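In structure tokens, one chain follows: the form predicted on its own.
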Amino acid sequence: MKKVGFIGWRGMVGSVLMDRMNELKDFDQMESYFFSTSQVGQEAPAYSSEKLLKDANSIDELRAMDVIVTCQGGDYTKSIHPSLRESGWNGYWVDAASTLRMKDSSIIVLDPVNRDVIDKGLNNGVKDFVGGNCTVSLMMMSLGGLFKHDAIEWLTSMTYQAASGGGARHMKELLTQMNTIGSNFVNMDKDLARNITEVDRLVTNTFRDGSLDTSCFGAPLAGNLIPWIDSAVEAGQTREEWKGISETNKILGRTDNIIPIDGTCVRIGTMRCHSQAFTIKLKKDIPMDEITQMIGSHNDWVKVIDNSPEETRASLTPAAVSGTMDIPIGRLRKMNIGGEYLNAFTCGDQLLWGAAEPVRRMLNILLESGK
């Protein structure tokens, strides 16, 4: 069996990955070894083939692996990956971080959408496989049928991204802010609390008086939103917005014939699951029943939601989707600006299909391929 080394398995994405692999008995297919940057020699998880944690900074120990799966983050990849390759290691590197995504030597993996690109890469000797940006992966899972039929001329994606996209510290900061605001209201004078104007003034003052911890987000997120995610790049975009066009077209293997994609990425006060609103310019006016068939038949996880208030509220929210593999897409309708313009809204758990699941499935592809 292949020797597979895991790094960063205790973080947000790593923990979700371990839970999925354990649940689906993936560890039965491999010899698994667990590495640490800070707790070398301590006890490894029960499903490890070796009792103790190995050194994640040891090139010699890493070189013994056939496959390395890392959720440790970009800094670790920048530090270790070049040295490991320079040492002569020719194994497979499967990474959840963004560092290698746009390298010519890597493939961004989302096999329900680009299994043909992955298989071609394996046959051509590609060794680095990287999970994509969370919103890009969720977008492509929901709209995979339209991409497959080459029906899209261009699209915009307006995202509504959860606190967990930033990691555990960001989730805790949101909860702390919620607690502070809620406690201020609960402790408010009962007579004042009956006056919604006074309640609103209290909340607004709390946003502005410096009492909320904003060390992660840089601004209050509870009861608020922040229309900026990641660093600035050219033309006024954020890096998160730039990933829409760059990663989508690389995933599809069409960097020479790109689909224009743009939009605004917004952080909102939800714990988990990213949502997106699409405006899609189709190449022609396709009937709605054909569009629904294209989208709904593309993969086993996309679910077309009826464009009704009841179904939308029941199935197309982070509260409904969190912790599931479902990729619901709804609010499907033609727009007033023309029959070739399509409106849509989707929601998905960015820690599953947006992060851990493509990595897990790529590992299984490698193990099953025998390469």
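What you see is a predicted model, and the numbers here were worked out from it, not measured in a lab. Note that residue numbering begins at 1 and tracks the sequence as displayed.
Omitted from view is the form predicted together with a small molecule, to which the following refers.
Trainee: Which one, 71-79, 284-292, 198-206, 164-172, holds residues whose non-hydrogen atoms are within 4.5 Å of the small molecule in the predicted complex?
Mentor: Every other range fails; the passing one is 164-172.
Trainee: Which residue, Ala222, Ile229, Leu212, Val117, is the contact with the small molecule in the predicted complex, using a 4.5 Å heavy atom cutoff?
Mentor: Contact residue from the list: Ile229.
Trainee: Heavy atom within 4.5 Å of the small molecule in the predicted complex: which of Leu143, Val109, Cys134, Cys273 fits that? Just give me the one.
Mentor: So the residue touching the small molecule in the predicted complex, by this definition, is Cys134.
Trainee: When the small molecule is placed as it is in the predicted complex, are Glu240, Arg267 and Gln350 each within 4.5 Å of it, taking any non-hydrogen atom of the residue?
Mentor: Verified in the predicted complex; spot residues all in contact, yes.
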